[in-house]
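Here you'll find one protein chain in two forms, each presented separately as structure tokens under the names structure 1 and structure 2.
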Structure 1
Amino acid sequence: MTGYIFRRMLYAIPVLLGVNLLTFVLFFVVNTPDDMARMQLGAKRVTPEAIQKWKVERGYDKPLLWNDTQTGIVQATQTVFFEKSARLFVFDFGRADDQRDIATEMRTRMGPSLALAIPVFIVGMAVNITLALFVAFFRATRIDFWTVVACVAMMSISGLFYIIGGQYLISKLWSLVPISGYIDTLDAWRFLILPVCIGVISGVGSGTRWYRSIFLEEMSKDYVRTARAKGISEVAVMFRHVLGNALIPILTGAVVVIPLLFMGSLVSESFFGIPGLGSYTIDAIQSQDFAVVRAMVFIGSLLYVMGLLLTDLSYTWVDPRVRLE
């Protein structure tokens, strides 16, 4: 088992290297640092000195891959690739355009992100599974049909409308909770309750439909028919047999997103003014802070690779038939 985990972690290295190379090519080769400087400083009246200053400030003035002016190992290290891309592997993200350290910023913003993402994830799953189980119990009836219709309708509404509608109705019209904002104490629940509810509601449509199809597939299996033939009541079949076995694909499917919860949610964080990683990313994109975007891309892919590993491991935990060699 440990050997397997170790080998899987080794597999992650080429993937992360690939991500790094891709971002490097995107950020430094497709457009040279000169182009970036010109755009950030304003394309029209910009002097070569200003560009040079901008590049030196950010450390982009070195050669891209190979430094001919140096000797020995420094030839490879005194380069943009080594300083900006390879350093990501040791979580040295450098500084953002406002001169704050990106790694520290990420650590402080992780808390609010998780405070929003974890409840959305857990409550959302619980609601979706309950609803799906309910619908699967009443399969091929009018309840089933209309719930599925409602799910498709809910899937067809853009997530932005859920947020805008929720903010308008709950915060502005009824003044139940503040529209946006965040505090770092236990009182934060007042700010979090609306985004959590909206996050759950906006996922109900697709989630319920997806889990319903899993339940229905499980219910068409032979062992369920055998259980019914033995005279076990439908409720007992659902809870004792179907639910347990259907949880295997549900859990293994959900595990892959758990590490990504750290990234926070882009849209709802910025709508509700929660200072998490999602709103950090959006701010970086909007102010074109390339260093932050690069760091977030790296962190995101790292978390995804971790999620894949967790998925494989979770198969062995929940399904005794799977053995990892």
Structure 2
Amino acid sequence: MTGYIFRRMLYAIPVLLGVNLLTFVLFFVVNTPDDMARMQLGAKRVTPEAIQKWKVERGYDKPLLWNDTQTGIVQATQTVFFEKSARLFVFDFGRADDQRDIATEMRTRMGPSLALAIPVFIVGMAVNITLALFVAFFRATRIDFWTVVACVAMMSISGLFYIIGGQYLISKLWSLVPISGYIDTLDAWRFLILPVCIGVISGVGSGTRWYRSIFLEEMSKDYVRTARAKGISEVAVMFRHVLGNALIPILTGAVVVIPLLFMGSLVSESFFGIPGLGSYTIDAIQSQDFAVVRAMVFIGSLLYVMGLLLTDLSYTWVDPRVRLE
């Protein structure tokens, strides 16, 4: 087990390097350091001296990927890519283009992101699994048919419709909760209840349909027919046998998502004015702040790799037949 975990951690290094390199290339294909300087300086006519000063202060005055003016290994180390990416592996994210410390911003914004993402994840999973078990229990009936139709209809509707519709109906017409905003106090639930409800509702269609297919596949197996032949009630079969043996595919989707909860929701946080990591990433993309974008992509990649490792380890917990050699 220890050797397996160590090997998987070593595999993560080239993955993270590749993701950083790809992010770097894609970003600088669209933008140049001069374009970033002009946007940050906020002036239509910026002198070349001001642009060069901005680049020197932030380390963008060196070549991007390869330094032809040097020799040996320095050709690769004295570049923007190496100096900006190497420090990420020791979790030194540096400063954003507005000179704010990125690590401090991430710690500050992690709380609002988790306050939104964790309830959506837990409540959404509970609702989706419960509905899927209910529908699978009434398989091949009108309840099953019309529930699937409703799920397909909900999947076909854009998430923006739920957000805008919920804001208009719940906040503007009924004035039950604030339409947007956030306060870091005990009253934060007033600002979170609407985005949490919308996040759960918008995922019911796809989640219920996916879990339903998992349960139906398990219900067609021999051990379920054997349990029924022994006289076990259908409810006991569903909850004791079907649900238990469906945990591996459920964990595959759930455990991978857990680390990504720290990254926040890009759309929901932006629309509801929640100062989380998702809105932080959107703002960085709009302002072409490569330092923030690079840090967020690195953290997202690292958490995703950790999620895959956690998924593999969780298999041994739910199914003793699985062993990691």
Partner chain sequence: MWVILWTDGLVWLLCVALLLYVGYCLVDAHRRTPWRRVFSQRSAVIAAVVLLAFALIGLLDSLHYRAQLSTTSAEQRYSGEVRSALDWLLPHLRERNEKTYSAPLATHSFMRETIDLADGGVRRVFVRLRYGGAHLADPSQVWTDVVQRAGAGLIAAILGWCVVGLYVRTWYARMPQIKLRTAWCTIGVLSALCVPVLFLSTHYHVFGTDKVGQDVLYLALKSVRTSLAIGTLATLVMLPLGVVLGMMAGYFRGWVDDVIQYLYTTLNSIPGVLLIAATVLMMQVYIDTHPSLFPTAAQRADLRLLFLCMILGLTNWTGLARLLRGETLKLSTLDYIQAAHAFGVSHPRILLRHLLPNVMHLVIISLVMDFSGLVLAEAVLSYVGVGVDPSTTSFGTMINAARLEMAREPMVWWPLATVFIAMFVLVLSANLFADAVRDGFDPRLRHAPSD
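Basically, rigid core = biggest C-alpha set you can superpose within 1.5 Å across the two forms. Counting starts at 1 with the first residue of structure 1 and goes up one by one along its sequence. Keep in mind the model is a prediction, meaning the values are calculated, not measured.
Each of the two structures shows the same chain on its own, and it is structure 2 that derives from the form predicted alone. Once the rigid core is used as the reference frame, the Cα position of G278 differs between structures 1 and 2 by less than 2 Å. M36 shows a C-alpha shift of 2 Å or greater between structures 1 and 2 [criterion: core-superposed Cα displacement of 2 Å]. Core-aligned CA deviation for F24 between structures 1 and 2: 2 Å or greater.
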